[in-house]
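Next comes just one chain, in structure tokens: the form predicted alone.
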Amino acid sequence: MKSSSARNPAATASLNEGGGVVLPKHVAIIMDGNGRWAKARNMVRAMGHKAGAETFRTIAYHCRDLGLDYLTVYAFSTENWKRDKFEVSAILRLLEDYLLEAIEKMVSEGIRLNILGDTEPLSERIKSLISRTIELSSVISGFQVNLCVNYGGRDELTRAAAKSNLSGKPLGDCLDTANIPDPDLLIRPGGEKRLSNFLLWQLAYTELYFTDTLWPDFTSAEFDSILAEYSKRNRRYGGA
């Protein structure tokens, strides 16, 4: 069983210049700006999502190398079904491609994969691939990627409340994120300054960071800069 919890010294070197940086254990990202990135280049929106998928891969590996425990990304919301059918199909094809890649590499790369959201409306092919990634994750320790697919914060709370009423368990134990610590830091590229129905319960005391950089242009260097800024914040969790 391969563990990925150890930090890569090369990945953390620039962060630690001028003093130690306190890294978050769990970072959440709203991957926003793919469509606008494509439009600015006279491309179809699907090309923006493809570019965004490459950025996601880069940041996921960087988080692992830094020694973070969790990365949670907003890949496809419950509201995204309203988009053009071609764009939705393109996003779901990218999801399928990523799951196939994960199945091939996640054990050797030491990356666990978890899917958050209501998977019932997804194709049988995608649901089968999700089941396989969950099975593989059970033999891996260390860094975990949480991919939010057909996810909405309100929908999650509605589903959790129904489970809680049936089981008598606390609401928090019935969320998609049960047994996962709340994010320490939320990053939203793309210039918008809202949560967009993402992790409404879990972000209660999360530090928020917004950047105008469109997601396909987001880099590991900018991520490191945000982590350095996060390290300077005083988290009081409602205390004095």
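Position 1 is the first residue in the sequence shown; the rest follow in order. Predicted model, so just to flag it, every value in this text is computed and none were measured.
One more form of this protein should be noted, the form predicted together with farnesyl diphosphate (FPP), which is absent from this view; the next part is about it.
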{"item": "4.5 angstroms heavy atom contact with farnesyl diphosphate (FPP) in the predicted bound form for D155", "value": "no"}
{"item": "4.5 Å heavy atom contact, N34 and farnesyl diphosphate (FPP) in the predicted bound form", "value": "yes"}
{"item": "Farnesyl diphosphate (FPP) contact in the predicted bound form: Y74, any heavy atom under 4.5 Å", "value": "yes"}
{"item": "Proximity of N80 to farnesyl diphosphate (FPP) in the predicted bound form, heavy atoms at 4.5 Å", "value": "yes"}
{"item": "Region of this chain that lies against farnesyl diphosphate (FPP) in the predicted bound form, out of 169-177, 61-69, 195-203, 35-43 [heavy atom, 4.5 Å]", "value": "35-43"}
{"item": "All of V27, F143 and L185 within 4.5 Å of farnesyl diphosphate (FPP) in the predicted bound form, heavy atom check", "value": "no"}
{"item": "Contact set, 135-162 vs farnesyl diphosphate (FPP) in the predicted bound form - heavy atom within 4.5 angstroms", "value": "L147"}
